[in-house]
Structure formats: C-alpha cells, structure tokens
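Take a look at this single chain in structure tokens; it is the form predicted alone.
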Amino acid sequence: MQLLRILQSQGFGVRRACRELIQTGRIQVNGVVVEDPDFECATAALTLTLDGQDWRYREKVYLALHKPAGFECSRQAQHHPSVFSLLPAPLGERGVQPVGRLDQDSSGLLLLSDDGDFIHRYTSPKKEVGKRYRVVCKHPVSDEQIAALLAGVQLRDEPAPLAARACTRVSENVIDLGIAEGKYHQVKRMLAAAGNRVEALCRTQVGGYALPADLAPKQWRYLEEEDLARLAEAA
C-alpha cells in the first residue's frame, strides 16, 4: 500500500496534510525516513514514526478507556469535555466511536473502535453482552432490594421486568451488579424501581474483559488479540 494512503487510513489527516508530512521528512517507516508519498509499504509489522512517536499500523483499532465522571461520550459535547479529548488526535481522526455509552456522571470501562461489526456485536441488545457495574447507592441496600433486582423489576416503557444477572453486596451502600441488556439508564432505573437511588456508577467489566487495575482514570490502551479473546469469553 502507498505510504500516503497508509497515513490517511491511520488518521494522520487528509491527503494534502499527509503528503506534506512525508515530503518534509517527518515520517519514518520502520525507523527509516521516507519522503516519497508513493513509496510502497507492506503493512504487516509496520511501524510509522511521526516526530519521534511510534504508531504501529492497525487495520482496525480497539481501545479501552478508563472514563472519569464529568466527560461526555460525544464528539459534540454539550456541557462537559468529550471523551475524545482524552485520545491522541489520529485515533479521533480515523473515526473511533464509543462501543455503548456511559453517562457524563458515570465512570469506568469504555470501549472504542472504528470496526463497525465489532461495535454492533457489543452493543446489540440481541447479543446480550454482559456488563458489570460497581454501584454506590444513596441508601443501605437491603436483602429485599437485592432479591428484587435478581428476580426482575418493572421499568416504565418496558414490556417485561428486567432482572440482574448477578447482584452482590460489597458494603452497606455498595453493590456489584451484572446486567445483559444495556438499555437507557438501565442501572439507575433498576435501582430506583427496587426502592433505592444510584449515587455513583462505575462500569467494571464488558463481556469477559475487566477494567485493568493499572489503567488510571483518563488513561487508555489498545486491546490486543488476547484482550479481544477475553472480551468475547463471557459475551
């Protein structure tokens, strides 16, 4: 593939901008400066370097972001910063999208990708991909409330009760909750239907992939093959 096309595919800008990057000697291909936009590259094991920063060629990208509260999952954020402000520009330019959403006041694991099939796989309600949340409640969580969540609670505009896949008490006001549907404000609505209120919400797992303990808020990382395999385990 031509180097110019590769740069475009990896989010380095429009055709004219990428051509200028190459012709001004700012791009290295596997450690060697290349100034010919038509230079043919094999994409396997290809590493591009721009201004000293390495970028491994990826046909599609899969990311895990530790979203903090106070960020919106939108490119046109209205009242808070966008989660895209936490990513390097090339990732945003190549069109990564959130795989599902987290409200601005929620935190935790947010997946992003530019692979449409992947996004559909992990957002379609029909796929019933499990998600787990650490939920801080306003009031102590009673045994009756846990039983109600596991049995199923009726939400407005839903034809049938929704039941948690799992619900365990962490402390008096904190539970770990597992769901499959991922409907609008589902966890908050389920807790309200059970007679409590969500004060803080953190998504800790999607499918079989858990939020890494060493991924601090605002940090992100690529999902590699082993991560994608883990993600699919409980999907």
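Numbering starts at 1 and runs along the sequence shown. As the structure is a prediction and not an experimental result, all values here were calculated from the model.
This next part talks about the form predicted together with ligand URA, which is not shown.
Looking at residue 186, you'd find a heavy atom of it within 4.5 angstroms of ligand URA in the predicted bound form. When contacts are judged by a 4.5 Å heavy atom cut-off, residue 201 counts as touching ligand URA in the predicted bound form.
Within 4.5 Å of some heavy atom of ligand URA in the predicted bound form lies at least one heavy atom of residue 133. Among residues of the shown chain, residue 102 is one whose heavy atoms approach ligand URA to within 4.5 Å in the predicted bound form. Picking from 102-110, 161-169, 87-95, 119-127 the stretch near ligand URA in the predicted bound form, with a 4.5 Å limit on heavy atoms, gives 102-110.
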